[in-house]
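Single chain ahead, written as structure tokens, the form predicted on its own.
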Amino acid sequence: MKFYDVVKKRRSIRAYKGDPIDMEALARIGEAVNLAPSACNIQPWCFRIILNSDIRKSICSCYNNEWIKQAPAIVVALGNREAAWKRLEGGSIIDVDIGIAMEHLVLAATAEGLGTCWVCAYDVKRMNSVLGILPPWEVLAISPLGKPAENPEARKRKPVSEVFRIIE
């Protein structure tokens, strides 16, 4: 798929087929994550693709939605706030770095014919606890990953002129 086709095709998928995911596709997705830029190229992240059903059940205990349970895999994006570059006032840029890497993953998954849906609506401390994640690491995003069982229509967007301007 061409880049702009991938961007246009990407949707938040909330229905999944239980088909296994091709391991070569997962390797290519991993390469896309590894190529994501980060402040000072620190790459203060670690991504886990959870295929194990017991671990997926633990994740679902923190985010209890039926559609996430359908996916054959769940992405867990871990960030290290301490290692990430800091702004001049001292705040960590980890959320930006994870966002960039996660979007690389989401777009790569789309190019592979897989669906995703960013999820951040969970208690971070509880998610860290059930997954055994210890500081300085924390779970900053999760996403189901699998073959879509739906093909949602594109959502209405603001006009480009509202969100993007060229200032000369």
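All of these numbers come straight from a predicted model, not from anything done at the bench. Just count from 1 along the sequence shown to find any residue number.
Another form, the form predicted together with a small molecule, is not on view; read the next lines as being about it.
Colleague: Considering only heavy atoms, tell me if residue 100 and the small molecule come within 4.5 Å of each other in the predicted complex.
Modeller: No, residue 100 sits far enough from the small molecule in the predicted complex that none of its heavy atoms falls within 4.5 Å.
Colleague: Find out whether any non-hydrogen atom of residue 117 is located within 4.5 angstroms of the small molecule in the predicted complex, and reply yes or no.
Modeller: Output for residue 117 is yes: heavy atoms within 4.5 Å of the small molecule.
Colleague: Contact between residue 158 and the small molecule in the predicted complex at 4.5 Å, heavy atoms?
Modeller: No, residue 158 sits far enough from the small molecule in the predicted complex that none of its heavy atoms falls within 4.5 Å.
Colleague: Considering only heavy atoms, tell me if residue 63 and the small molecule come within 4.5 Å of each other in the predicted complex.
Modeller: Answer yes; at least one heavy atom of residue 63 falls within 4.5 Å of the small molecule in the predicted complex.
Colleague: What I'd like checked is whether 12, 67 and 121 together line the small molecule in the predicted complex, meaning each has a non-hydrogen atom within 4.5 Å of it.
Modeller: Heavy-atom distance to the small molecule in the predicted complex: all three under 4.5 Å.
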